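Presented as structure tokens, the chain that follows is alone, the form predicted alone.
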């Protein structure tokens, strides 16, 4: 994983458990230090992160796109950071609303020396990471890496050793790092499977690109194909502003939602499954993670175009 993501030596890589939701508590337990915890709210997952962190210290919403229906990532220039936050939290890909951060903010340029904490659960290893702008990254493995059960934490070493006294020892990043992620029994099968996926990623090629760079090019091609289909359609539409559109999760809506059932039924008949949007937002959602080949996205586009023709 260090090789695939070019993770510098000043970061520790921890294999933990509990998923991204558990990290919503574990991060403030380790990095809160009694200070204010700043959050950028760009969708359902960052909202959950905020609510959980409120249990462990004072929080501050630096920016939110809730009033706009989470149709974009609030630009960093508009963030209203607190005076001296312990950290700034950002979910870099919101699976439900389909919002992705494509360029990590430079907090130092904003006059803030706090570490940036990112939840990269749903697009880890789909693209490179600028580690010069990150203090800690965490994510569940189940989107792009392997079975549920393994949680990844990449933490800058200077952030270790500051856990609150109430932090359980198994969740103390310093303890986990000192024991090579084996302070308690690790999720061995999930780690084994992750190793196989890491090997698979290392073998990927797209022209002169390899590894994560090859996957990024492939993911861009898949997303472009699907968004182009939606944007050129008179039946489908996407509500996310173009600069913030996710490459991993593409929500879309039928302009006549009475056709939703027929659309899903027809999709299933074509072998296109799990397209129903999250219950909190409705519509449709195509999740096109690393494992989805371009041919799969093309099959979806072909069906969407065929279905639209039946409605003409």
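Positions refer to the first chain, counted from 1. All values derive from a computational prediction rather than experimental measurement.
There is another form of this protein, the form predicted together with another copy of the chain, and it is not shown here; the text below is about that form.
S.K.: Note which of 211, 115, 186, 105 lies within 4.5 Å of another copy of the chain in the predicted complex, where distance is taken over heavy atoms; exactly one does.
M.R.: Exactly one residue meets the criterion: 186.
S.K.: Which residue, 161, 75, 168, 128, is the contact with another copy of the chain in the predicted complex, using a 4.5 Å heavy atom cutoff?
M.R.: Contact check passes for 168.
S.K.: Can you work out whether residue 109 and another copy of the chain are in contact in the predicted complex, taking contact to mean some heavy atom pair no more than 4.5 Å apart?
M.R.: Close contact is absent here: in the predicted complex, residue 109 is far from another copy of the chain, nothing within 4.5 Å, heavy atoms only.
S.K.: Hey, in the predicted complex, does residue 149 get a heavy atom within 4.5 angstroms of another copy of the chain?
M.R.: Contact with another copy of the chain, yes.
S.K.: Consider residue 47 of the chain shown here, and say whether it contacts another copy of the chain in the predicted complex, taking contact as heavy atoms within 4.5 Å.
M.R.: No.
S.K.: Given that the partner is absent here, does residue 253 sit within 4.5 Å of another copy of the chain in the predicted complex, heavy atoms only?
M.R.: Residue 253: no contact with another copy of the chain in the predicted complex.
S.K.: Given the stretches 47-55, 281-289, 243-251, 262-270, which is the single one in contact with another copy of the chain in the predicted complex, using a heavy atom cutoff of 4.5 Å?
M.R.: Going by heavy atoms within 4.5 Å, the stretch is 47-55.
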